[in-house]
Structures are given as C-alpha cells and as structure tokens.
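Below you will find one chain, with nothing else, as structure tokens; this is the form predicted alone, and questions on how it binds or moves follow later.
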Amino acid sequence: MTDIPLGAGAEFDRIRAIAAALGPAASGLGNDCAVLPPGFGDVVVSTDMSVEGVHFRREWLTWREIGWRAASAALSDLAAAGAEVVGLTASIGTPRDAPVDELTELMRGVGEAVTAVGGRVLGGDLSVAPVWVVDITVVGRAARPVGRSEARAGDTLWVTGALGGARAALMAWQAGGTPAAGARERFAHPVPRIAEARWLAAHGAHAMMDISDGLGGDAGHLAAASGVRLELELDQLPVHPDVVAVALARGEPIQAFAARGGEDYELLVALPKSFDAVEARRFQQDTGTVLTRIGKVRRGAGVAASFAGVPATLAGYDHFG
C-alpha cells in the first residue's frame, strides 16, 4: 500500500505517508475515483464535516481520536439508514505548516473507525486550510434503507445506549476542568450503531435517525419528516452515569441535560406497537446494546416532552442558531 502510483511533490508525499499509515484499512488509493464492488440493495451515501474550533479542539483530543470521531460521525448516518458499510473517502484541510505525522495519526483514527464496522478507506483529498477540516463521505448498501418519513401513529419510540455522556465531557472542558473517563470516551470515541441499526431494520423499524444534535432537536426532524407528533417521556431516558454530577453542578434536571446533549450518536427509532420488552431483550442479547422505550407516536405534529407527566421544554443544537 505504500508504493502507490503517484508522482513527486509534497502533497503526494503526504498521500504516500497516509497510505503507509492506513495499510490494509485502505484500498484502491492512487486513482481519480474509487470503484465500488458489486453488491445487494441500494447504494446509500452521506457526508459529515468536522471543523477545528467548532466540532473539536486539539487540546482536548489526540490526533487519532479526532480522526476516529470524524469518521464515526459520518458512519452514524449509515447506521440511521440501516445500511452495511462499504467504505469512506476523507478530504482533509490542514494548516500549511502542519507536521505530516499529525495528518497520518488523524488518518489512522479514520481507518480504525471504518474498519471496525467492516469498511475501508476508498480515497480522499488534501488541501491547505486556515484550520483543520475533516470532511468524510461514507458509502453503504441497504436492502431496505430506513429513513425519517415513515413513523406512524401507534408506533413506539425507542433509543439505543445511554445519552448525555458527550455533553458531560464538553461541559467539563468548557468549564476548564477534566471530564470523567467515561464521558470523555463518549465524546472522543463514539461508536456508530451499524449492527444495531441493521437489526432494527430487519425487525420492522418504520423510521430511524441518529442523535447527533440532541434528542430534543432530532426528534423534531423525525416528527416533521413523518408528519406525526412524538410524545417523549423524559423520565424513561437512559442516562450516561457521568451525566449526574455535571447536570447537578449546572442546576439542570438530569434527564433534560441528557436530552439536550448531542454527539452521542445513538439511534432514535420508531417501531411497530407490537415491538415489546421481550424483543428489546432479544436486541440486547444479539447486539450487546441496551434499547429503551422513551415514548410514542401520535397523530398531529411536533414534539411534546414530559417528565413524570409534567410538560417539559427541549431544544437541540443548531449550527447557525
């Protein structure tokens, strides 16, 4: 993989260094286009950009963690579709004086993230930029892609894993502190729920999306796409254990803190009303991930949240808000 057919020059020296760092995590580098192998179902494509100072800070994370996190954020979109991973391309902008080893370490993280879910690095691009930019395009296949628009009145709402850990880490850093280890791991090393999503798609999921901008905001997108009303029971939310101390210190209710946090990259899914606790236990046995019922789908519009029957207000992250 180190001897790819490229000419001389500083840019191509960097590409050769990336290829050497990726090793078997990459395939087909050195051509103008990636060639996808034939396969079943529809091709599913998404893209996600991580910008220094907006999505990450270098003093918080290692270069490998920055690469892992950027790739996993994009791969989580494939999970939302219930897709199998084919691979990704990575377009990287770096400051002109950035050392090559920082770039190669970042790409090691990208390669580790995509190989962990069965894919490969298919190609990418390099450019000089004022700050670090990591733009990931992911490619997958799905026999029945799941979207946001088919939730139906009578469905139940479920969420994978636990919420709020990434936000707890972010709040600790922004306050000048050090996050608890578990919260830091949730921020630095999110795991795209590829296997979980494929299980849910195979068991009748009507609608699904990843929670990247907080449950409060993302639930609104699912409700709008499906033309339904979502009723969320916040007292049922599965909360990451490291949320408790941070939420109490900020004077926020624990479940509300978790619901407002983004970048956990868990899944919000609408399942048929016949899906019950027995099926949820089977899901956990098969995937190793907890699935928790947090509400229901009704006729109407928008999102209504409550805690122990008392109405609550939620909001998600808005990049331009």
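Fair warning: this is a prediction, and the values are worked out from it, not measured in the lab. Note that residue numbering begins at 1 and tracks the sequence as displayed.
Although not depicted, the form predicted together with a further copy of the same chain is the subject of the following passage.
J.: Taking 4.5 Å between heavy atoms as the contact cutoff, choose which of Arg229, Arg108, His221, Arg152 touches a further copy of the same chain in the model of the complex.
T.: Spelling it out, the residue with a heavy atom inside the cut-off is Arg108.
J.: Which of Met49, Val290, Leu61, Ile254 has a heavy atom within 4.5 Å of a further copy of the same chain in the model of the complex?
T.: Selected residue: Met49.
J.: Are all three residues Leu163, Ala181 and Glu185 in contact with a further copy of the same chain in the model of the complex, where contact means a non-hydrogen atom within 4.5 Å?
T.: Contact check failed for every one of Leu163, Ala181 and Glu185.
J.: Looking at the partner-bound form in the model of the complex, is Leu237 within 4.5 Å of a further copy of the same chain by any heavy atom?
T.: Leu237 lies outside the contact set for a further copy of the same chain.
J.: Is there a heavy atom of Gly124 lying 4.5 Å or less from a heavy atom of a further copy of the same chain in the model of the complex?
T.: Yes, Gly124 is a contact residue.
J.: Check Gln284 for me: does it contact a further copy of the same chain in the model of the complex (non-hydrogen atoms, 4.5 angstroms)?
T.: Contact with a further copy of the same chain, no.
J.: Would you classify Val303 as touching a further copy of the same chain in the model of the complex, given a 4.5 Å non-hydrogen atom cut-off?
T.: Val303: no contact with a further copy of the same chain in the model of the complex.
J.: Where, among 92-100, 169-177, 195-203, 240-248, do residues come within 4.5 Å of a further copy of the same chain in the model of the complex by heavy atom distance?
T.: Selected range: 92-100.
J.: What residues, if any, in 190-223 have a non-hydrogen atom within 4.5 angstroms of a further copy of the same chain in the model of the complex?
T.: None of them.
J.: Taking the cut-off of 3 Å or more as given, in which direction does the distance between the C-alpha atoms of Leu36 and Ser212 change in the model of the complex, closer or farther?
T.: Compared with this form, Leu36 and Ser212 lie closer in the model of the complex.
J.: Since the CA distance of Leu36 and Gly111 differs by 3 Å or more in the model of the complex, is it closer or farther than in the form displayed?
T.: The answer is farther, because the C-alphas of Leu36 and Gly111 separate from each other in the model of the complex by 3 Å or more.
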